[in-house]
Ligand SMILES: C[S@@+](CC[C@H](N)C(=O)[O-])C[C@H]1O[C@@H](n2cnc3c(N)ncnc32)[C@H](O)[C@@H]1O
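We begin with a single chain expressed as structure tokens, specifically the form predicted alone.
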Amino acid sequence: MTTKSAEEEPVSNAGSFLFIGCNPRSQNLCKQEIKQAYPALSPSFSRPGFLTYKVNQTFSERFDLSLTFARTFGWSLQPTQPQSLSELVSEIISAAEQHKAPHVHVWARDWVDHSLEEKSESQQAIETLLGEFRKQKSKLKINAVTRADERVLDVVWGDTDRWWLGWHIAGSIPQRWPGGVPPIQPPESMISRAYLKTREALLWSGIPVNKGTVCAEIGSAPGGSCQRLLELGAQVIAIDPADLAPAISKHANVTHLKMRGRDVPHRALSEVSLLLADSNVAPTHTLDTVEELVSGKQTHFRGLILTLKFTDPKMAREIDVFIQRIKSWGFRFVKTRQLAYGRQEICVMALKQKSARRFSS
């Protein structure tokens, strides 16, 4: 992994601290990535899902760590152990005024997709705090999605009686979400978790799917990803030997190819603009299948959204190798991220041209 260089417009000298939020199950991977990319950062505090580092180099106010396993990040202020919720709210309001932040993002260091699990201690604490904000009728915008370059005060649940405060400027799209997690309300009829992952991947990547966009997905059964694409008006080619959910298989905009990705005839994908792949196989297997399709003379994909599964954490060391391989196919713009709604996997977004973000068919 390439070492990151210091940026212009310095605002931080030695002695300041950064906070980094990540998937608690990938904390060690995040630490390894930081050590490789930013050797000048010194570890300070560590709990599952939340890290702080002492700064020994110069960053700009709008720095971007550009790390695969960092969900969000910013400038760390200090931990606080208030005697009451009203005291905490007063402290938050004061800090927001000091840092000229109209937004407050309240989030938990241990967030692991609780939308599908029982309510955790941290969720209960956050809901109670949000209720206290409503009582005090604060003018601050609490847990709203921000616009670019807005200042945000971060309030992070750390333990039973401890919270952490920090701030950041919302530069990248994930930094506009509370805790780097997009606020997605699952539909009552959600077919599978793939719905959430695809929705987040499209938001993060900035790749639009509109009415008439032709998409294909390898590993589509039972159809959660297809469900989101269909909501957006796409024409979907679902590729999987297994059956799709009836609501998907019967949809007028779905063509189901009951076969493995490597067996799909290239001509069947000649109109596809966006190729997605999410199969429960090793990353090299997914890349082999996609490379076979990308190299065909009859295919003309403008964008890729690939899920690479990590059956072994050591595979994370190969991310740069995976990126270079994808770039060798002619996709000049490649980014990676561990999605909030993902698990032991990363999402790869690849475009041949930045203007491909505007394709509609």
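All residue numbers are counted from 1 along the displayed sequence. Everything numeric here is computed off the predicted structure, so don't read it as measured data.
Keep in mind the form predicted in complex with this ligand is missing from the figure; the text below concerns it.
This chain appears without its partner; in the model of the complex, the one residue of V281, A247, I142, M190 with a heavy atom within 4.5 Å of this ligand is V281.
Out of the listed residues R267, R260, K211, R162, R260 is the one that sits within 4.5 Å of this ligand in the model of the complex by at least one heavy atom.
For the marked spot (P102, V152 and G180), a heavy atom within 4.5 Å of this ligand in the model of the complex is absent from each of the three residues. Of the heavy atoms in A252, none are within 4.5 Å of this ligand in the model of the complex. Although the partner is absent from this view, I218 contacts this ligand in the model of the complex, with a non-hydrogen atom inside 4.5 angstroms.
Contact check for D110: no non-hydrogen atom falls within 4.5 Å of this ligand in the model of the complex. A residue is said to contact a partner when one of its heavy atoms sits within 4.5 Å of a partner heavy atom; P79 fails this definition for this ligand in the model of the complex, lying far away.
Heavy atoms within 4.5 Å of this ligand in the model of the complex are found in one stretch of 232 to 240, 153 to 161, 85 to 93, 122 to 130, which is 232 to 240.
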